[in-house]
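Form predicted alone, single chain, as structure tokens, below.
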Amino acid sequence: MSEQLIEVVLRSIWISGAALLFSLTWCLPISLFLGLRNFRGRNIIISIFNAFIGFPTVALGIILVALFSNAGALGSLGLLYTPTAIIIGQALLVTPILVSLLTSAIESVDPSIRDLAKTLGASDGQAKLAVLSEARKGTILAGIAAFNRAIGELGVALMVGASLRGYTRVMTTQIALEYNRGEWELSVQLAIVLLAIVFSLTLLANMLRRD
């Protein structure tokens, strides 16, 4: 395995992992709110998140380029063509997946768990953590699905990262670049590694689902 391949693989895992953790900062509170409360319009909000699961990556890429470009609203931050831009893009891309799956996992927890925790003196935050603990299997499955979506996407990474060597180039953009160059060897190697990562995590998710 060449140094270039290892570098790109590690960068891809780092960027997609950071995107997953970043997205959880808002996906967890949203999912807890939707999963633990009943209010008018709740089902509509959940349906909107479900609908956005298939949001095209190139469409999101165009929106982010418009925001991050010099003429855009966030152009002064200098985010375009940086790893941070890719992380933000992937975090937004996986948000509908996380919210939908996390909400479903939280809803499946027996409501008495939260009530029991409060009865024993737990605060509202501690009671929510108890619910999350019970929904940990679904939470892990949601994380795996989101990570696979992030690491396997091309549109956002290419459009806001520009596939700069040694800086923003990830597996999917490297595969596309090598294909366009006619360099099949590295392209196939990266594709095999990417598939191995996705399939391994998917297998883990299936094993957790059976337990």
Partner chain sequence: MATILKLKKIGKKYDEKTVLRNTSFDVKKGEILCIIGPNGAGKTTLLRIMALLENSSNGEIVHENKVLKVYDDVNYRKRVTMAFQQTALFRKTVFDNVAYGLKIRGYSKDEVKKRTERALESVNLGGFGKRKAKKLSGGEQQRVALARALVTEPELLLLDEPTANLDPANISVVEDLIRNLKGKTTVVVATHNLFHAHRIADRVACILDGELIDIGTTKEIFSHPKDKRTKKFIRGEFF
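Positions refer to the first chain, counted from 1. Given the structure is predicted, the values throughout are model-derived calculations rather than measurements.
Note that the form predicted together with the partner chain isn't included here; everything after this is about it.
When the partner chain is considered in the predicted complex, Glu134 lines it closely, a heavy atom lying within 4.5 Å. Contact check for Leu92: no non-hydrogen atom falls within 4.5 Å of the partner chain in the predicted complex. Taking the partner from elsewhere, Leu141 is found to have every heavy atom lying beyond 4.5 Å of the partner chain in the predicted complex. Heavy atoms of Ala73 never reach within 4.5 Å of the partner chain in the predicted complex, leaving it off the interface. Scanning 52-79 for heavy atoms within 4.5 Å of the partner chain in the predicted complex gives no residues at all.
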